[in-house]
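Next up is one chain by itself, shown in structure tokens, the form predicted on its own.
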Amino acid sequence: MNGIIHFDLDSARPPREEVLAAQELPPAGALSPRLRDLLEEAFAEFDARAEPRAIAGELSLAELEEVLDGFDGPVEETVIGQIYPKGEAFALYVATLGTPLAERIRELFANNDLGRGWMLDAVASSGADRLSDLLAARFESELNGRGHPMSRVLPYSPGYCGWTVSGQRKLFARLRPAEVGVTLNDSCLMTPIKSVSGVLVAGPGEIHRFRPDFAFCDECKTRACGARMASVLKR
């Protein structure tokens, strides 16, 4: 898995129920007419403006350790720090939904069109997260084709589970994702918004299991780690 990857809209478009669940909204069939209209408008905007693409590059264990050495804090006290030593293959990635969609979200909020801005932001957030999952599935398929049928891949990203966003500095220095239009500012935030970065870690499903009892787990709002682990352990 090396180079620039383009995604079709059908694969990058998130399921409606996933978008609603992330916002703690009821299923689509139970939405008010106003919310239903906002949801459909947001998906129309997504289809018209999203430009989903990524850049990825495989690297060795030693090269990954050099990347992980570039953030604030001891790596062994993070989830990725516990997972990667047991991994068998690795790939860095930066993925984005592109500038036009990000500019539209910014425009809606600047014009105080909060309902449309909020819903489009929600759809785009789920879409960006989906790109990480698509890359994980792609890497897993490639590894299976190389004779590693038991490899299970999950993405791990700076900004989550103890890996601070400062970790993006070395990740960006290695991948140079300006080729797909993504840059990093002094605060280690990505432009355009609705971009994601991280490392894909491959190995037997068991390597992705961990106890969510880190100090930072108390601050987690999503508690999505259980579902992530189950997604690879049950296969």
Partner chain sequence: MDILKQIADSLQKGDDPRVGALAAEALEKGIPAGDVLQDGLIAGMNVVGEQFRLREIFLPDVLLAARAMYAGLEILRPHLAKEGVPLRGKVVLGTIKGDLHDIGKNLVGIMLKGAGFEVIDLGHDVAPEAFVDAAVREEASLIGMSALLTTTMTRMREVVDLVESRGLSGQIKTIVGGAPLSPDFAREIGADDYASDGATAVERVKALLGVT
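Positions refer to the first chain, counted from 1. Since the model is a prediction, treat every value here as computed from it, not as a measurement.
Not on display, but discussed next: the form predicted together with the partner chain.
- Contact check for D213: every heavy atom lies farther than 4.5 Å from the partner chain in the model of the complex.
- Although the partner is absent from this view, S60 stays clear of the partner chain in the model of the complex, with no non-hydrogen atom inside 4.5 angstroms.
- A residue is said to contact a partner when one of its heavy atoms sits within 4.5 Å of a partner heavy atom; P149 fails this definition for the partner chain in the model of the complex, lying far away.
- Contact annotation for T164: at least one heavy atom lies within 4.5 Å of the partner chain in the model of the complex.
- With the partner omitted here, the residue from G115, P85, G145, P100 that has a non-hydrogen atom within 4.5 angstroms of the partner chain in the model of the complex is G115.
- Figure note: of the listed segments 186-194, 200-208, 46-54, 60-68, the one touching the partner chain in the model of the complex, with heavy atoms no more than 4.5 Å away, is 186-194.
- Of the residues in 215-234, those that come within 4.5 Å of the partner chain in the model of the complex through at least one heavy atom are, in sequence order, F216, E219, C220, K221.
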